[in-house]
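Okay, so we've got a single protein chain in two different forms coming up as C-alpha cells, structure 1 first and structure 2 after it.
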Structure 1
C-alpha cells in the first residue's frame, strides 16, 4: 500500500509521515532527500546551475536508492552531505525544473513499487502517485504554520519575528502553488487534516485512523 502525505511548508508532514510509517511498520520515502541528492551531484560536477539542459541531462543519468532512511546517489551514501547549506541554497534550481521533477517522480514510483510505504511532499498524491490507496493532505492556517516555524527556528538559535517568518512562508506558498509541475495542491480524493488547535499526537492519531480505514477498505476490495 502507498500512503501519500502532502501539504505546505510548516504543516509538519515530514514528522507525521515518519511516525505513521514507524507505527504501521511501513517504509518511509523522503522525496526531498532525492532532490537534495541530485543537487549535491550537480554541485560536485560543477554544472552551471543556470544551464537547464545540463541539469536535466545529469538528473536523467543518475540512479537514486532509498533504503533504511539513507539516500544513495549512484551507489554512494550521501545522506549526511545533502544537508549542507550549499545544497539547501541550490536545490530550487533543480526542483523547479519540470523535466527534473518528471525524472525523479519516475524513480520515486520505481522505489515504491511493491512496498508498503509512506511518502511525503507537495505533489505525491496529486501527481506522483495518483493511484495511491490512501492520500492525506496535512495543512494549517498560515499564521499557525508560521508560529510553529518561529519556535523551531528559535530552538536553533535563530530569532525572527512572526511577521518575518510569515512573509517568507507566504512567498514560498505562492511559489509552490504556481509551479507548472509539482504544484502544491491536495489530490481530489485526499483526506484533508486541518491541524489548527491539534497537538502533534492528535494529528498522528487522526492520520493513523485515515490510513487504517484505507487498509480495511483495500481488504474488502481484494476479497
Structure 2
C-alpha cells in the first residue's frame, strides 16, 4: 500500500511521514532528499545551473540509492550534506526540469513497487502515484510554517527574523507551485490536514486516522 504525504515547505511533512511509517511499520521515502542529492552533485561538478542540457545529462548519469533513511549519490552517503542553504537555493534549477522529474519519478515508483510505503514530497499524490490508496496533503498557513521554521533554525543556532524566514519560504512556495510538471498541489482525492493550531501529536493522530481508514477501505475492496 502506498501512502503519499505532500505539502509545502515547513508544514512538518517529514517528521509526520516518518512517524506514520514507524507506527504502521511501513517503509519511508523522502523524495526531497533525492532532489537535494542530485542538486548537490551538480553543484559539486560546478555545472552551470542555467545550462539545462548539462543538468539533464548530469542527472541521467547519477545513481541515487535510498536505504535506511539515508540517501547515497553515486554510492556516497550525502544525507547530511544535502541540507545546506546552497543546495536548498539551487534545487529549483533541477526540480523545474521535466526530464529530471521524469527520471526521479520513475525511480520513486521503482522504490515503492510492491511495498507498504509512505512517500513524502510535493507531487507524490497528484503525479507520481495517482493510484495511491491513501493521499494526505499536509499544510499550514504561511505564518505558522515560518514560525515553526524559525524555531527549528534557532535550535540549530541560526537566529533569523520571522520576516526573513517568511520571505524565503514565500519564494520556495512560489517555485514549488509554479513548475510546469510536478507542481505542489493536493491531488483531487487527497485528504487535506490544515495544521494551524494543532500540536504535532494531534497532526500525527489525524494522519494515522486517515491512513487507518484507507487500510480498512482497502480490506473491504480486497474481500
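Positions refer to the first chain, counted from 1. Superpose the two forms; the largest set of C-alphas matching within 1.5 Å is the rigid core. If you're wondering where the values come from, they're calculated on a predicted model, not measured in any experiment.
Working note: structure 1 is the copy from the form predicted on its own; the remaining copy is not. Superimposing on the larger rigid part's C-alpha atoms between the two structures leaves the smaller part rotated by 17 degrees.
For residue 39, the CA shift between the two structures after superposing the rigid core equals 3.6 Å. Its Cα shifted by 4.2 Å, residue 73 is compared between the two structures on a rigid core fit.
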